[in-house]
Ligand SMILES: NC(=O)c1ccc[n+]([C@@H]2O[C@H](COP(=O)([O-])OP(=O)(O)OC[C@H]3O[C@@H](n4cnc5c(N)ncnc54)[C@H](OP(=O)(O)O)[C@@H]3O)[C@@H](O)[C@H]2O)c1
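Shown next as structure tokens: one chain only, the form predicted on its own.
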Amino acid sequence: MSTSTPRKTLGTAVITGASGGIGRIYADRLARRGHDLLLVARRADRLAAAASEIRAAHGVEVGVLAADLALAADLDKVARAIAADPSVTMLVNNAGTATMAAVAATTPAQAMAMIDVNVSAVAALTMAVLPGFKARNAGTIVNVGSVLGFATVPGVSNIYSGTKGFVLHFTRALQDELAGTGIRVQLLLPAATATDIWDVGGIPLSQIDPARVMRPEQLVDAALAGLDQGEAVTMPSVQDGDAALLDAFDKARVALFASTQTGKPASRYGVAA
């Protein structure tokens, strides 16, 4: 009979878009903290290489699941796998895609890819883990949005900003829904970060002012620090002196919604009561 002490684990962290960039760094950092991993991405060869490196470096269990989250069958496969796994304690919805162009210059296929990955996959995978998290009253969800969720670059980020606007509102609503439970939900809003999404999106990173671009390692380390500090919204590039702007934004948003609840057209439209 073995007398060895069972290996302690923080449970399994599921990371989408884990074969490179931000997702790959999340995988390293969470494994270092003691999480087992399930890595999800399209490129099976890169997933296998990442898993091998992480196992060797951190001694954790690393599973891989090759899937294109823009495909309904693959998304369903991932959702079913993580819903059925009681070891899952964390979900990092990191996978995303972008086409940086005006709406008229964006093909229907490009638009649907952004909607499928940035919107549908985030919702579906969150909904997949939520019943288990609620049953255990524990779990962590990190949704990676973008500062372009509350702003646009005219003629450049129109559809992408729309998809990230969904992530912002979906995550904020989920935080309200789960308030007072043991489930943590973090909204991460990066600004320009040095990943290959720029090349995929059609704007080479070389065209961006280097002073505005954060290294992905810095982004993930800041995001995890924000999670540890209990931040609901983490904006790594917003300096301390400007942090109050988020509160002002939220208050203005709530006040604007409240002002709509009158049931009557405003007087400027000249519509009879």
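We number the residues from 1 along the sequence you see. None of the values given here were measured: they were computed from a predicted structure.
The following text describes the form predicted together with the named molecule, which does not appear among the structures shown.
J.: For a quick test of understanding: in the predicted complex, does each of 9, 88 and 139 have a heavy atom within 4.5 Å of the named molecule?
T.: The answer is no: none of the three residues contacts the partner (heavy atom, 4.5 Å cut-off).
J.: Applying a 4.5 Å heavy atom distance criterion, does residue 171 contact the named molecule in the predicted complex?
T.: Answer no; every heavy atom of residue 171 is more than 4.5 Å from the named molecule in the predicted complex.
J.: Does the named molecule come within 4.5 Å of any heavy atom of residue 70 in the predicted complex?
T.: Because a heavy atom of residue 70 falls inside 4.5 Å of the named molecule in the predicted complex, the answer is yes.
J.: Wondering, does residue 42 line up within 4.5 Å of the named molecule in the predicted complex on heavy atoms?
T.: Residue-level check for residue 42: yes, a contact with the named molecule.
J.: Does residue 165 reach the named molecule in the predicted complex, with heavy atoms at most 4.5 Å apart?
T.: Residue 165: no, not in contact with the named molecule in the predicted complex.
J.: Among 183, 124, 197, 159, which has any heavy atom within 4.5 Å of the named molecule in the predicted complex?
T.: None of the other options qualify; the answer is 197.
J.: Please name which of the stretches 127 to 135, 92 to 100, 175 to 183, 79 to 87 has residues with heavy atoms lying within 4.5 Å of the named molecule in the predicted complex.
T.: Result of the contact check: 92 to 100.
J.: Within 4.5 Å of the named molecule in the predicted complex, which residues of 179 to 194 have a heavy atom? Give them in sequence order, or say none.
T.: Heavy-atom contacts to the named molecule in the predicted complex: 190, 191, 192, 193.
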